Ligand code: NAD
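For reference, the chain that follows is the form predicted on its own, supplied as structure tokens.
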């Protein structure tokens, strides 16, 4: 695995993967993904930029959320991990890595499609961490469907519940606890700008997240709370094999980017660290694209 600080060619820093056709039931596990992902277990080295911070991260068991959790811990933060109960195996692995850094970790399994759970999640995170000053709304649901006629009401509703309604509920509850100097970082997607024809519902929620981020950032700026977003491009995670991509598209996943490869979750982590750290104190309402070179507005 590439060292975080080594001067390397971004084209070859991580392998150009050709994933085999595979399937996992939703939501999928990193532990069963072929090939495995790099979440920074060996490569991410912290520099104390988040010392003493207390962060709640949703979708933190695998993929991008797991990489962010590892990075936050190595930067000095205590972390509450939210994930679905069926993702316990991945979550415990990430929790072990956080404890190895001497940081507090709180495990908070539950379904973000449940409105009551979204609000209790925040309270449990505050109790477990002794407060809250960083929120990463990362959890997402993505199911590829060939035509609009094939999207039933349940899929449409559940995608919006997890991707944007939960973000509203969790953020609303968190604002009661976030002091001046706190940060909120939301995960949007390049799909907000370049929607794939098989991801109409998912892409629609990501466009909504962009707007939510920019509007909320203006609303809470005077309270000293900064709100920003990160827009990943094609990142290799369990989301892709649990019906997030058409199976026939998996071997070519990410190869159409200017870098010619899919991204690894650890390549997203520095963006979240930057937007959570005091170094970005004059950055509000920004959507930071990490797309392998695919352009965004």
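Positions refer to the first chain, counted from 1. Every value quoted in this text rests on a predicted model; they were computed, and no experiment measured them.
Beyond what is shown, the protein has a form predicted together with ligand NAD; the following relates to that form.
K.L.:
Would residue 68 count as a contact of ligand NAD in the predicted complex, using a 4.5 angstroms cut-off between non-hydrogen atoms?
P.N.:
Residue-level check for residue 68: no, no contact with ligand NAD.
K.L.:
Is there a heavy atom of residue 111 lying 4.5 Å or less from a heavy atom of ligand NAD in the predicted complex?
P.N.:
Yes, contact at 4.5 Å.
K.L.:
Just to confirm, residue 244 within 4.5 Å of ligand NAD in the predicted complex by heavy atoms?
P.N.:
Looking in the predicted complex, residue contacts with ligand NAD do not include residue 244, since no heavy atom lies within 4.5 Å.
K.L.:
Check residue 72 for me: does it contact ligand NAD in the predicted complex (non-hydrogen atoms, 4.5 angstroms)?
P.N.:
Contact with ligand NAD, no.
K.L.:
Let me test this: is every residue among 64, 234 and 239 within 4.5 Å of ligand NAD in the predicted complex, going by heavy atom positions?
P.N.:
Yes, because 64, 234 and 239 each have a heavy atom that approaches ligand NAD to within 4.5 Å in the predicted complex.
K.L.:
Considering 178, 126, 199, 84, which brings a non-hydrogen atom within 4.5 Å of ligand NAD in the predicted complex?
P.N.:
None of the other options qualify; the answer is 84.
K.L.:
With ligand NAD left out here, work out from 221-229, 149-157, 201-209, 97-105 which stretch has heavy atoms within 4.5 Å of it in the predicted complex.
P.N.:
Careful reading of the contacts points to 201-209.
K.L.:
Judged by heavy atom distances of 4.5 Å or less, which residues of 122-144 approach ligand NAD in the predicted complex?
P.N.:
Residues within 4.5 Å: 138, 139, 140, 141.
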